[in-house]
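Presented below, as structure tokens, is a lone chain in the form predicted on its own.
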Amino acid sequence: MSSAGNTWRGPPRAGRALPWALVTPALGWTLLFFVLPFIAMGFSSLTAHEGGGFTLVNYSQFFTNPSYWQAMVNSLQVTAIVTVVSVLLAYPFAWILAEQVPERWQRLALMLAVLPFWTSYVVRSYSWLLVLAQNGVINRVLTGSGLTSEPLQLANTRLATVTGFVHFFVMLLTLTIFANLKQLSPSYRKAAADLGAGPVRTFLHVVLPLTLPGIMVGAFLTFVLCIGDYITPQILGGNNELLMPQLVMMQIGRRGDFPLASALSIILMAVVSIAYLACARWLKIERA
């Protein structure tokens, strides 16, 4: 560095400009379709429905109106149930795919596992409605076998909403956990076995902690997609239980109250941001 001949001048100007040229379309897209709408939504949330100056009345309504607060509680409860059940179902499934299925069949098994992704989200929700309806498949089997005398109320309930969500998100979680399991070196288990650890102890103290990042990534994606979903609660849950996305759409569709809908949307985004901060330590790209 002391002599002019050894001074490193960095990459040439063209080389420095190339990364910016590649990332500019993505930055422009994000600015145009996320940042600017978000700023407009924030501005709208600070105005009254009837017009006038800036006000916080839309945010105060959320905390003073019990039905609005209950919608958030319902959303968090449904999302928590869906996330926990999906993780409990996806982990054994991903472990069987990664450890028990021969490697030459794993690609086919994965393709079959994600087969539901190939169909439309709306079609899958309506398919579940046909299964859970009063005259659906389950009630026909129950009444036909004599287990129940009357059809059960399965559709238009929280159970139906959770069932539809879990069916979708188990596949998503399976993919993230499977990828994490495949990255684990067999030497970890061999080292644990050499030290006298049994299969259960090896799983609890070696495999599970090392696959926790995959679980948390899938759980966070499940949380984000589930708490903001409008279609599944609307189709399978009916209008018996109000969730936050339905509440936002109600303000737009029935009342035309865009400021209140904007405030509710920003509050929902704040909840997602809190969930991200809680999971941030596991959402890193690099492996520890």
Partner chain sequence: MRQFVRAVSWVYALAVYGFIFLPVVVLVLFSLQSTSFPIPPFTGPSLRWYDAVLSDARLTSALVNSLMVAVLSSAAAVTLGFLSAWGFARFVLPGSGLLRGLITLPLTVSYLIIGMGLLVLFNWAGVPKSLLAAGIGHVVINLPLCFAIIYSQMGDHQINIERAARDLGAPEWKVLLLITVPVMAPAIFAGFFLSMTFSWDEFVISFLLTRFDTTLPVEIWNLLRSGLNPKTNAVGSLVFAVSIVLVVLFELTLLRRKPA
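Residue numbers count along the first chain shown, from 1. Keep in mind that what you see is a predicted model, and the values were worked out from it rather than measured. Between two forms, the rigid core is defined as the largest C-alpha subset superposing within 1.5 Å.
The following text describes the form predicted together with its partner chain, which does not appear among the structures shown.
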| property | result |
| --- | --- |
| Interface membership of W29, its partner chain in the predicted bound form, 4.5 Å heavy atom rule | yes |
| Residue contact check: S44 to its partner chain in the predicted bound form, 4.5 Å heavy atom | yes |
| Distance check, G228 to its partner chain in the predicted bound form, heavy atom within 4.5 Å | yes |
| Partner contact for L277 in the predicted bound form: its partner chain, 4.5 angstroms, heavy atom | no |
| Proximity to its partner chain in the predicted bound form, single hit among L147, L195, L112, L208 (heavy atom within 4.5 Å) | L112 |
| Contacting member of Q77, Q153, Q183, S127, with respect to its partner chain in the predicted bound form [4.5 Å, heavy atom] | S127 |
| Non-hydrogen atom within 4.5 angstroms of its partner chain in the predicted bound form for each of A40, V122 and R140 | yes |
| Its partner chain in the predicted bound form: contacting segment from 209 to 217, 69 to 77, 186 to 194, 166 to 174, heavy atom within 4.5 Å | 166 to 174 |
| Members of 241 to 261 lying within 4.5 angstroms of its partner chain, judged by heavy atom, in the predicted bound form | P245, V248, M249, I252, F258, A261 |
| Core fit, then A270 C-alpha moves 2 Å or more between this form and the one not shown | no |
